[in-house]
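Okay, so here's just one chain, in structure tokens, the form predicted on its own.
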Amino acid sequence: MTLLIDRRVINGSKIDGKLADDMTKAGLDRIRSCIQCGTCTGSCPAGRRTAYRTRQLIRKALLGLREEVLSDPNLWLCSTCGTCTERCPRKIDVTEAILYLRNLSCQAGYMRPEHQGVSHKLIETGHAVPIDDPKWSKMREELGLDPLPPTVHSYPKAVKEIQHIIKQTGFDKLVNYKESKKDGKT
């Protein structure tokens, strides 16, 4: 009896041979030269304290396990410090590969709720850092500073421009942003 291996399925996951091709076309041309040496994983600060394994994600991407990679919550544990890229013996821009995979993950609807929250904050205020938190305002006042730093929120026209760009690019839909209930505008 001959047992044939279906190369379109690995551990129940469908193979998408286009994923590595897409990464190459996106400027990550060296990704196919990965030798799975583990330098990226071994030097990763996030990997020391979490389940994040850079080498594993890159390998799965090269194998074409698109859904498995894009839906993996560990994809978001990378701090993008660049240590993996600096140390890669094959000069692969691993950090850019991870960012590319995150972009695909978002487009596929796998954006984490925390990242959606940051994105919503950006749409509402023009910046992602929640500077309007009373504890930060109080701390700034104690230091003799204005309660809010002079960022984009100080310029309503700039916030409107950011919101226009976000709407034109479809970013608001990508992050499931619902228009403000207060004034009905984004």
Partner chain sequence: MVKHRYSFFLGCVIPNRLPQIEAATRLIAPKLDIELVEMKGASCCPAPGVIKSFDKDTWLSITARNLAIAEENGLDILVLCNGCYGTLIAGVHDLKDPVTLKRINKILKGTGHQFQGKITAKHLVEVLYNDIGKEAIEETVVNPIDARFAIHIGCHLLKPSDIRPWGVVEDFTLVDELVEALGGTIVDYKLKDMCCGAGGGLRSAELEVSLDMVREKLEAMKQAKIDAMVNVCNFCHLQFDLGQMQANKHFGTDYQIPVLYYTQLLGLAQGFTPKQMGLDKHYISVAPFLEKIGMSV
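Since the model is a prediction, treat every value here as computed from it, not as a measurement. Residue numbers count along the first chain shown, from 1. Throughout, rigid core stands for the largest set of C-alpha atoms superposing within 1.5 Å between the two forms.
As for the form predicted together with the partner chain, it is not shown, yet the points below apply to it.
In the model of the complex, the partner chain sits within 4.5 Å of a heavy atom belonging to Cys78. Under a 4.5 angstroms non-hydrogen atom cutoff, the partner chain in the model of the complex lacks Pro134 among its neighbouring residues. Though the partner is left out of this view, Asp29 does not reach within 4.5 Å of the partner chain in the model of the complex, counting heavy atoms only. When contacts are judged by a 4.5 Å heavy atom cut-off, Cys37 does not count as touching the partner chain in the model of the complex. Annotated contacts: Leu99, Thr151 and Ile166 all touch the partner chain in the model of the complex [non-hydrogen atom within 4.5 angstroms]. Contacts between 109-138 and the partner chain, taken as any heavy atom within 4.5 Å in the model of the complex, involve Met111, Arg112, Glu114, His115, Val118, Ser119, Leu122, Gly126, His127, Ala128, Val129, Pro130, Ile131, Asp132, Trp136. Annotation for Leu148: C-alpha shift of 2 angstroms or more between the shown form and the other one, rigid core superposed.
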